[in-house]
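To begin, one chain is listed below as structure tokens, in the form predicted alone.
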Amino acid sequence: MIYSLYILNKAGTLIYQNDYGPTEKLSHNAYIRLGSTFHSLHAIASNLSPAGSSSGIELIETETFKLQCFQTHTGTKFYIIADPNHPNLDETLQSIYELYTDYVLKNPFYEIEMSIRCDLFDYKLQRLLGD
């Protein structure tokens, strides 16, 4: 089960967030803080990596949840919080990215790096993640 989806622009600003599972609803400011905290940790991890050129945090696993991140070449980050037993989060993130490119980036009214307000994108995500 997918609990939440977050999309951050390259500056670390939360541009999309939605809950899909039985999660506690937070305030808008709390969601913004979570997004910026993850962006900061992602940047720190990429700088401190002993492997040299690291892309940052890709996966965090705990007993109660799994957080997986997908970063595009332009720096946009998609991350999902899911049940720890949820399979194929890589494929799910790739499907979300395809929906993002089809319904957000190709939308003539969407301004790059701004909050995502697209009903068709929401609908397609609900069909993908809400089941």
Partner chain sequence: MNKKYDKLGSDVFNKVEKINSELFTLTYGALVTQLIKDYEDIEQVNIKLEQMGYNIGIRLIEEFLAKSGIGRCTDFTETAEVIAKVGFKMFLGVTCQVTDWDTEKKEFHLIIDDNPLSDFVELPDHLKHKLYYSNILCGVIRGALEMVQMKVKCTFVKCSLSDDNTCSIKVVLEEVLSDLVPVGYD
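Numbering follows the first chain given and starts at 1. None of the values given here were measured: they were computed from a predicted structure.
Heads up, the form predicted in complex with its partner chain isn't pictured, but that's what we're talking about next.
Residue stretch of 29-37, 83-91, 96-104, 61-69 approaching its partner chain in the predicted complex, non-hydrogen atom distance within 4.5 Å:
Of the stretches listed, the one contacting the partner is 96-104.
Indicate whether its partner chain has at least one heavy atom within 4.5 Å of a heavy atom of P22 in the predicted complex.
Residue-level check for P22: no, no contact with its partner chain.
Contact test in the predicted complex: R117 vs its partner chain, heavy atoms, 4.5 Å:
Judged by the heavy-atom cut-off of 4.5 Å, R117 is well away from its partner chain in the predicted complex.
With the partner left out here, check for me: in the predicted complex, does some heavy atom of A11 sit within 4.5 Å of its partner chain?
Because no heavy atom of A11 falls inside 4.5 Å of its partner chain in the predicted complex, the answer is no.
Please run the contact check for Y110 against its partner chain in the predicted complex: heavy atoms, 4.5 angstroms, yes or no?
Taking the distances in the predicted complex, the answer for Y110 is yes, it comes within 4.5 Å of its partner chain.
A43, S46 and G75 each touching its partner chain in the predicted complex (heavy atom, 4.5 Å)
Looking in the predicted complex, the three residues A43, S46 and G75 all sit within 4.5 Å of its partner chain (heavy atoms).
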